[in-house]
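Below you will find one chain, with nothing else, as structure tokens; this is the form predicted on its own, and questions on how it binds or moves follow later.
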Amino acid sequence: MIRKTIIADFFTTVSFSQFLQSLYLMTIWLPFLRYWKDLEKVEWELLEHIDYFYNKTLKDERKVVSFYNWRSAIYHTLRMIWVWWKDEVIVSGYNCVSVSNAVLQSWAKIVYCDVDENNLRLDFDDLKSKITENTKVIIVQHTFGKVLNVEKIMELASLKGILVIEDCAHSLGTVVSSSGSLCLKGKSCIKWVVWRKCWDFAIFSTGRDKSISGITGGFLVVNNSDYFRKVEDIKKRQKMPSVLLVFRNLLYNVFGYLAYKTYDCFELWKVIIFLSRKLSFITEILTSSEKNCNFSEFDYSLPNSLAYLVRKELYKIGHYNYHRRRLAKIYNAKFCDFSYPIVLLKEKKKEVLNYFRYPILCKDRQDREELVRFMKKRWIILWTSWTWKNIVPVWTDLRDAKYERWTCRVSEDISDRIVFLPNHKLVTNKDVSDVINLINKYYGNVQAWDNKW
């Protein structure tokens, strides 16, 4: 009997339904791969999901534009603001190289701000010390679905005349309520409900490693009427990806699903993934040029077929987040009484997190590495894509990203200690039981999960 491996990353957005949808798009919908109705509808359907109080006047109050990927949205936002080589853009010191690449390609100077160890939000004291007369933009990142309380940052930014971009790539589906009445059932009505009038721009992602997967995709929502005309200019300049590039994206769902189903079958998955990458059948999340902060292909629009996938996934986002929240409650209940592992993100009052990832902190880098090896020997693969370096992924050249070591000590420490537990839609109660019991065994905790949840 083949033993099941519990996987925490890579296959988290792969499913049988997406496998079938991708085949459908590559055959019956072949004439509509790049242009058709879904491309027109997806932007306003996304607004419906991120704004609980949606109404017909919303179109006049905000503007939205879709891109081939999320970093293109960041880049065009900065170009819309007209940042230049003297202008400084403050970003989180615990971040993806895509953000650094977009900022550097816009010709702005990037400034890294450290984070709070307890919740990964920007450290306010460090932020104040990093602001200068040249600071033009602050990018506030809601890391791993934890929507930050940005009122203090907004107040500081307004006093200094600084624009604020909310990076919501991880937070699609997180709920924040001012009234306290929250829908906690697994329905698609669970949405990100708070739109503050004070922010200027918000950016969302539907990449393959995000809350929902359109394989790739980015959306810019503009809340500042001074820039509405520029949004229309951006749409006019956009180019559509080639049919071949769209096909390669759709093939990711096909090969990814086949690899997942054969993961424990004589390691056939390695052959499938190796060949698909070697022969360029599928696209990479990050290109080699982007890893070196040289990527400059930012003018592509979201093709119709990927917009179709986003629309299908939006209907399921409530169910996905409900499932992740349920698993997170189990993890929280079992780990809260122990010194290690440290549960990093927890819900607060009037807040429902999407638990895009479930991060825990180990004692140090060595402890994290030993835990990962311990779990891997027992058929559990923990997620480590945001570990090793604070500007991820691990092969990022920090010099190209203009980051100097020890600039953000807390961010570097967290990247050494952090690891992520399985909590995606393919994880079952039995899987959670195995994960909890093995982690308790590793740390010498006597409490085990009794599978009564």
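Don't overthink the numbering: it's just position in the shown sequence, from 1. Predicted model only: the values in this text are computed from it and were never measured.
Quick note: we don't show the form predicted in complex with a small molecule, though the next part is all about it.
Enquirer: Identify which of Asp209, Asp264, Asp87, Glu369 has a heavy atom within 4.5 Å of the small molecule in the model of the complex; exactly one of them does.
Expert: It is Asp209 that has a heavy atom within 4.5 Å of the partner.
Enquirer: May I ask you to choose, among Gly256, Gly217, Gly173, Pro341, the residue with a heavy atom within 4.5 Å of the small molecule in the model of the complex?
Expert: By the 4.5 Å heavy-atom cutoff, the listed residue in contact is Gly217.
Enquirer: How about Ala169 - does it come within 4.5 Å of the small molecule in the model of the complex, if we only consider non-hydrogen atoms?
Expert: Result yes; Ala169 sits at the interface with the small molecule in the model of the complex.
Enquirer: Quick check on Ser213: any heavy atom within 4.5 Å of the small molecule in the model of the complex?
Expert: Result no; Ser213 lies far from the small molecule in the model of the complex.
Enquirer: Quick one: does Arg71 come within 4.5 Å of the small molecule in the model of the complex, counting heavy atoms only?
Expert: So Arg71 counts as contacting the small molecule.
Enquirer: With the partner left out of view, is Phe420 within 4.5 angstroms of the small molecule in the model of the complex by any non-hydrogen atom?
Expert: Judged by the heavy-atom cut-off of 4.5 Å, Phe420 is well away from the small molecule in the model of the complex.
Enquirer: Given that the partner is absent here, state which listed stretch (156-164, 347-355, 130-138, 201-209) has heavy atoms within 4.5 Å of the small molecule in the model of the complex.
Expert: Flagged stretch: 201-209.
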